[in-house]
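A lone chain, given as structure tokens: the form predicted on its own.
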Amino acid sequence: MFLHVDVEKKFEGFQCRVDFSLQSEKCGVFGPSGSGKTTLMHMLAGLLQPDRGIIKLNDMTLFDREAGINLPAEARRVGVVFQHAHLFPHMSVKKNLFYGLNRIPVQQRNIDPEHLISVLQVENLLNRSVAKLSGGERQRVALGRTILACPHLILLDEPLSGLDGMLKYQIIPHLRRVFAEFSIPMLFISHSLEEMRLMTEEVLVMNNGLIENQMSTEELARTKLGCGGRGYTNILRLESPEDLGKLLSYRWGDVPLMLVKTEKPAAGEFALNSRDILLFKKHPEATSARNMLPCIVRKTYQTDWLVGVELDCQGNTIITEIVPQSLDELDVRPGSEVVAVFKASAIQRLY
């Protein structure tokens, strides 16, 4: 995908002026409420006309004020999934899904409906009324309807913010699987850094109607080190679970990790807060913590009141946050050997 945007839109008391180019297939637009994220989305989708500028998607000009080009929304091949699903209440799930596909010329259809329905796991919902769907089911159907319209780009406008934590983590695997299977570029719009890290690789940071920065999602996460009370979240992909009774053993690459048994073992994404990791110069003689990982310090990050320490654990990367005094007392510097220690209960499943 190639997307070039250089547009401006003025409102009373607010101005949105953005200029960027993207080639990433999985990009996010990140910023607080009122920063201009939705305004940008509406201009891309053709729901709001810029005052000036140009929008190009691949080899198609969607908008060019000087050339007098302003393609209508239905001609842009840009799909939108809103925060609220906006399904047609008088149609069944199946009719909602096929609404977009039926409006696309046969020669432009490149999505296999049966495969998409299988990936989204909505086979058992097809004949159901949309009024009887849960929030997560509605979002999956809305996503399916958008994809079956065979867009060249999908905009997801805060698609998870209306869901509670459990539903959110139920739908994220479906989102990731769909975009991986069907290779459709997306712009994921959110104010949640955690959602950004799970869904995107590159991010546009918006504030006050401007693009303040364009960076990798991981770079954005590390700029937040030391901010707020929650700390940095290490996202670990854990595989090969083994039931050990009251504990579970997983593989993090080649590194074995112990987790508290709270549910049926299954591979997936897990979270480990940077402030739950202790550093030792040597392997501790006795501790109740079940995970003790020999690591090498790669680099440190100075923050307002903490220091982020990036560690290499047999090829895996993990970040902890410590106070500056500990950095000095342990003589932590690039190349230092340390032991990262954390409890089995510190690792929590995301999905």
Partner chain sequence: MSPLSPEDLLAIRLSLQVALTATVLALPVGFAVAYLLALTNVRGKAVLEGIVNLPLVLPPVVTGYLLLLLLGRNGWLGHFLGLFDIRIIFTLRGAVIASAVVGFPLLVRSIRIGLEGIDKQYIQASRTLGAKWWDTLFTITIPLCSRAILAGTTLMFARSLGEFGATIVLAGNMPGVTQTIPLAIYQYTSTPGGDSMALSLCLVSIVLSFAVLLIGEAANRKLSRR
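In this text, all values refer to a predicted model and were calculated from it rather than measured experimentally. Numbering follows the first chain given and starts at 1.
Just so you know, the form predicted together with the partner chain exists too; it's not on screen, but the next bit is about it.
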Checklist entry - Any chance all of Y169, I172 and L220 sit within 4.5 Å of the partner chain in the model of the complex, going by non-hydrogen atoms? => result no
Item to check | Single option in F179, F82, F270, Y250 placed near the partner chain in the model of the complex, where near means a heavy atom within 4.5 Å | outcome: F82
Checklist outcome for this item: the partner chain in the model of the complex has a heavy atom of only one listed residue within 4.5 Å, and of L47, V323, M60, I296 that residue is L47
Checklist outcome for this item: Only one of 189 to 197, 83 to 91, 231 to 239, 256 to 264 sits within 4.5 Å of the partner chain in the model of the complex by heavy atom distance, namely 83 to 91
Checklist entry - Does Y99 reach the partner chain in the model of the complex if we count a contact as any heavy atom within 4.5 Å? => result yes
Checklist entry - Going by a heavy atom distance of 4.5 Å, is R290 a contact of the partner chain in the model of the complex? => result no
Item to check | Close approach of S274 to the partner chain in the model of the complex, 4.5 Å, heavy atom | outcome: no
Next on the checklist: Within 4.5 Å, heavy atoms only: does R145 come near the partner chain in the model of the complex?
Outcome noted: yes
Checklist entry - Considering only 101 to 117, what residues come within 4.5 Å of the partner chain in the model of the complex, judged by heavy atoms? => result R103
